[in-house]
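Shown here is one chain on its own, the form predicted alone, set out as structure tokens.
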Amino acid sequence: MLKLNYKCADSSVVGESNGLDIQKEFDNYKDRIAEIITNLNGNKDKRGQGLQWMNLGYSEETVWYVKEYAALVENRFENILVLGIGGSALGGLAVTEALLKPYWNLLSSEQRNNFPRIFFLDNIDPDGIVGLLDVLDLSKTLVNVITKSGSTAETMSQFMIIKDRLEKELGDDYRKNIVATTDKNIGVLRQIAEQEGYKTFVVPDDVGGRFSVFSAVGLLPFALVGLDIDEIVRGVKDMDLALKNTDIHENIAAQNALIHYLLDTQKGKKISVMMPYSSRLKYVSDWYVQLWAESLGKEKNLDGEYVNNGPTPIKAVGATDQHSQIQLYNEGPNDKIINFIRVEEFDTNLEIPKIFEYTGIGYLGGKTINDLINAEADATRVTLADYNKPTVTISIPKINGYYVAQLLYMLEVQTAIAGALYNINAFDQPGVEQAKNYTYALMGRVGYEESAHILHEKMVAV
């Protein structure tokens, strides 16, 4: 299983002003944490709680349908193009970047075992869209459009452009190149898919986008490029079982949630940095940023009080960002907690040749890059402790489907527990909806005329 080392967040290491007496706090909060974990597991089957993501590891039917479809389209497409934004794309990006061979899309078909390349179109920059479409043969591309509501302006505008191009190029056969992942019963995309006859998969009710990676939102793209989704689901189930433990001394999600919460509310550590020491895990940082920001950044608490809550998440990757961010973290304001992810065993062992022994870099010869990156991680952790900056380290045995799934699911549960500690709703995003509504008004969506009038007045003022 994963391990959490929180010694460098303890006051014995970073001082009382910046750290916690962690074992004392575990004892202080043990009953509250047990109550939170019990409530989460007790409410996960209730509608309207936003907790159905906790059941995704047990959805055997979804796994079966995804595997069946992946087998059906095997060897039919050279490319998978995922259309989605936010949670519809970030989980897929995080997992495929971690588990596929590095530089997957640059490998030959034989090197990819004849599985397709995969692309995520997660923004609406016109140059980026046209640039990608200029290099993709759409006739050999399976397009997976993902939006639960079916009204996400960014995703549906992408889809309208690509659907139009597909139909002009392929005629009526274009439908075979589209698969939609959306709500089971309602929404614009569900309506379009049924009218046009697209193959569809379901985004389950009560599963927010940022918690959807282990639904068909993620599992379908994973299966299409040959990832072992049984291994991924097994990792989720095993971690779910471990995190049902109500004893905070045995539950790493609860431990990290409480440490973050107390460092924020008691010690002013309002920034949470996610810094994996692995390029393959760099999009885990992006995924974490959305998970943490959208879940915990809330204006009001559950009692209706204005709290303007939310630690700010920052993404980083080691060792790269030692040369761009660590100067600030060491000598800048002491307002952060850094989460390191340390990989115990890499797939490759890369030795540094014994050359230039007569120079100042000769000491590197005979060592491995593996030794170096973990030495960098350990040295940075200790250096930050020297500056009294709190850190925690999550150790992952190796990067495979089982452990990456454990990592993401642990962070999801950690977020849910943190939300309960802050007494906020971690599963809605009202601040995002306001910007969406303004966009609808500016683009002339029916029913938003009054909002458009008000918005134009505001835009003149600002």
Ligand code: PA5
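In this text, residue numbers run from 1 along the sequence as written. In this text, all values refer to a predicted model and were calculated from it rather than measured experimentally.
Quick note: we don't show the form predicted together with the named molecule, though the next part is all about it.
Requested in this report: Mind telling me which stretch in 87-95, 232-240, 124-132, 101-109 gets its heavy atoms within 4.5 Å of the named molecule in the predicted bound form?
Outcome: After filtering at 4.5 Å, what remains is 87-95.
Report task. Indicate whether Gly318 is a 4.5 Å heavy atom neighbour of the named molecule in the predicted bound form. Result -> Residue-level check for Gly318: no, no contact with the named molecule.
Requested in this report: May I ask you to check whether Val432 falls inside a 4.5 Å heavy atom distance of the named molecule in the predicted bound form?
Outcome: Yes, Val432 lies within 4.5 Å of the named molecule in the predicted bound form.
Query raised in the report: Would Lys436 show up as a contact with the named molecule in the predicted bound form if we use heavy atoms at 4.5 Å?
Result: Residue-level check for Lys436: yes, a contact with the named molecule.
Query raised in the report: If you check in the predicted bound form, is Glu294 within 4.5 Å of the named molecule, heavy atoms only?
Result: Although the named molecule is absent here, Glu294 would touch it in the predicted bound form, with heavy atoms inside 4.5 Å.
Requested in this report: Could you check which residue among Thr246, Ser149, Ser139, Asn309 gets a heavy atom within 4.5 Å of the named molecule in the predicted bound form?
Outcome: Only one option qualifies, and that one is Ser149.
Query raised in the report: Out of Pro116, Pro276, Gly209, Pro390, which one falls within 4.5 Å of the named molecule in the predicted bound form, going by heavy atoms?
Result: None of the other options qualify; the answer is Gly209.
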